[in-house]
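Below sits a lone chain in C-alpha cells, taken as the form predicted alone.
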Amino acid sequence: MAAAALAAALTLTSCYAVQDTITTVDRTDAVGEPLGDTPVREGGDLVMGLSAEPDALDPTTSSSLYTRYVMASICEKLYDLDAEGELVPQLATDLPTVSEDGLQVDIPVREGVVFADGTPFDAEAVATTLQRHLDLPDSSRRSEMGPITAIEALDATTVRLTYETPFAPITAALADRAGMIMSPTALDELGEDFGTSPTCVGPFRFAERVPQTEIVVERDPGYYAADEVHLDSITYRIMTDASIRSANLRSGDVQVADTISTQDADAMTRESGLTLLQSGSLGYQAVTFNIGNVDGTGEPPGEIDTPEAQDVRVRDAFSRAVDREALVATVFNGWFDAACSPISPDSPFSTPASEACPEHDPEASLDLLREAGVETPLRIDMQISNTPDSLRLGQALQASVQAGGFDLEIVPVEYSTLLDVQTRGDFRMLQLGWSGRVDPAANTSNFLSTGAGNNYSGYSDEDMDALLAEASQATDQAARAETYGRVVEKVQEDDPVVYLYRQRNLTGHTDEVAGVQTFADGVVRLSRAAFVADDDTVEER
C-alpha cells in the first residue's frame, strides 16, 4: 500500500446506520440551455468550483473526469455529444464513412482552423494525435481505439483508419479524450510532458496551473468560432469539500460548481439566484477488487494471495451483502439509483439482462464465505476518496455488509492519489466511479478486457474477452445490446467489479451566468457561457 495512503489511513467505525425506509424521488433532467437571446456582458472571469484536482492535462494519459471539464474548454474533439446524447461533429465535419466490410473508416475534418499556437489543423495533425494514443507507453487510449492497423491522412481534410476487424465504438470514442486533437508542434516540443502546457484547438487556451489550487484558461482570439465566445477567462478552482463549494456558490465567489452534494441539492432547487442542473449519468459507482493487478494496468495479470482475489465466492458474497436500495436512500436522499451493471438503463443498449441485479441476501453471503473456508468477519481495507460524501458512503457500505460477514476498514485517500493507486494496483478493494460514455464499449471493454488501459482489477477471462470483441465488432444495435447483456451476466458471475449505484450529474450555477450545460457524459460545458448583462451593460453580439 502506498505510504501516502497508509499515512491517511483511518479506521471508521460503523456509525452510519442503513435506513429501512426507502424514499423514491422523481427527478427530471435539466441539462441547461444555450445562451439563445439572453443579453450578455462581454468579458469577465468565470470561476468554477471544481470538486477534485485534475490529473495530467494530456488526452492520451488522463483518466480523470475533472480533467475532461478543463479540456472541454481548451481541446476540442472530432465529435461531441449534444443535449440529447447524440453524436455530432466538432472538429470533424460529418460522421465517418465506413466501408462495406467495416474495415475502413474515413473521417472528414475542418479546414481553415489553427491550433492555439498557430499551427494549422489538418488531417495529418489528426493522424499524429491518434497514432500517439497507440504508441505512448502509458497511453490510456490504446484499447479505446480498437484493433487499428493503419492511420493515414488521405489528403488535408480526410483521415482514414484501417481495422483488422470492424470496430463499432470508434465514433463514440472520438467524442471523448481519444478525439481531442493536440498540436503537433507542441507534441514535438514537449513530448510526454504535453500536459504541462496543453495546446489544442478550443475556445480557450491554457494559461497557468497552480497545483492543488487552480487552473486558468483564457480566450483564444484565433479560435475558428471566436464570435461565439464571451468570457475572457475561466478559473477552475479546486474545492474538494462539497459544502464549501456550495457556500462559495451562495456567496457568489464562484459562479459554477460541479458535483453538488445530495445533502444540498433539494435546498438549492428552492433558492432564488441559483440554478441546479441535473441529468442522469451513463456511468456508475462501484467497488473494484484487485484480483490480478500486480504491475499496473496494461501489464499481464499476476497472482494475488487474498481471499477475495483467490475465490470468486468471496466477491459474490460481498455483492449479495450490499443492500443497494437502502444504501442510496440512506446516503443520497433518493437522488441516485441503485445499479448492478455498467450499462445505464437510459442507454439504447440496455436490456433486461443488463438491468438484472443480485438479490440482497446477507444469509447467502455468510453461506458463500463458509463454503470458501473464510473466517468471518472477513476484514478487508477499502480505499475511498476522502471527501465528506464519499466517507459517508464508505461508512454506510461498512454498515451494510456487516451482516453478510464483512468487516470493512475504510481508508480515505485524496482523489488524484486514489487514481494512481488504482492504476498501480496498490489496493485490495477500492471505491471509485466512472462518469460513463454513450457507447457501452467504453463502460465495459476498457475495464474488463485483458490488458485494457482501465482494467484496474487485473481481471482476465477468455470468455469475457470474446464477448467484448463480439460486441464491438457487431454493427447491428440490437445484436450489440444482446451481447452486452451477456457481458453483464458474465461480470456478475466473476465480480471483479461490484456495481453499487448510478448517480445524477448535479451542477449548480448562479443566475449571474447563462449558457452553462451538463450533458449525460457528465462534463460541465462552459465554453459558450457568459455573464448575464445588467440593463445598462447590454452589448451587441
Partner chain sequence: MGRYLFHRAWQSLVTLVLASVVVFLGVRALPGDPALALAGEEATPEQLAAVRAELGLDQSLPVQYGRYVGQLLSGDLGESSRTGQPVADLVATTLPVTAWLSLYALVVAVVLGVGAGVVAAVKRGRWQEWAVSTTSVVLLSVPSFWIGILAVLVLAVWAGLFPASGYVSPLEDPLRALWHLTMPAFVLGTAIAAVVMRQTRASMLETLSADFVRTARAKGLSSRRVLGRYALRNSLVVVVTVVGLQLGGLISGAVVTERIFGLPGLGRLTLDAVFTRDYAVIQAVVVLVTAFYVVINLAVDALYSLLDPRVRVDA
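By rigid core we mean the largest C-alpha set that fits within 1.5 Å across both forms. Fair warning: this is a prediction, and the values are worked out from it, not measured in the lab. Numbering follows the first chain given and starts at 1.
Quick note: we don't show the form predicted in complex with its partner chain, though the next part is all about it.
Undergrad: Using a 4.5 Å cut on heavy atoms, which of Glu228, Asp346, Asp367, Asp253 is close to its partner chain in the predicted complex?
TA: Exactly one listed residue reaches within 4.5 Å, namely Asp253.
Undergrad: So which of Asp420, Asp361, Glu325, Glu124 gets a non-hydrogen atom within 4.5 Å of its partner chain in the predicted complex?
TA: The residue from Asp420, Asp361, Glu325, Glu124 that makes the contact is Asp420.
Undergrad: Gly334, Thr510 and Arg525 - do all three of these have some heavy atom no more than 4.5 Å from its partner chain in the predicted complex?
TA: Verified in the predicted complex; spot residues all out of contact, no.
Undergrad: Quick one: find which of 210-218, 166-174, 350-358, 390-398 has residues within 4.5 Å of its partner chain in the predicted complex by heavy atom distance.
TA: Stretch 210-218 is the one.
Undergrad: At the 4.5 Å heavy atom threshold, is Ile244 in contact with its partner chain in the predicted complex?
TA: Residue-level check for Ile244: yes, a contact with its partner chain.
Undergrad: Whether Arg237 contacts its partner chain in the predicted complex should be assessed with a 4.5 Å heavy atom distance threshold; does it?
TA: Flag for Arg237 set to yes.
Undergrad: Might Gly453 be said to contact its partner chain in the predicted complex, defining contact as any heavy atom within 4.5 Å?
TA: Looking in the predicted complex, residue contacts with its partner chain include Gly453, since a heavy atom lies within 4.5 Å.
Undergrad: Can you work out whether Ser472 and its partner chain are in contact in the predicted complex, taking contact to mean some heavy atom pair no more than 4.5 Å apart?
TA: Flag for Ser472 set to no.
Undergrad: Does anything in 49-74 come within 4.5 Å of its partner chain in the predicted complex by heavy atoms, and if so which residues, in order?
TA: Glu53, Pro54, Asp55, Ala56, Ser63, Ser64, Leu65 sit within 4.5 Å of the partner.
Undergrad: Taking the rigid core as reference, does Asp253 move its C-alpha 2 Å or further between the shown form and the other one?
TA: Shift of 2 Å or more: no.
Undergrad: How about Asp295 - superposed on the rigid core, does its CA move between the shown form and the other one by 2 Å or more?
TA: After core superposition, the displacement of the Asp295 C-alpha between the shown form and the other one reaches the 2 Å mark, so yes.
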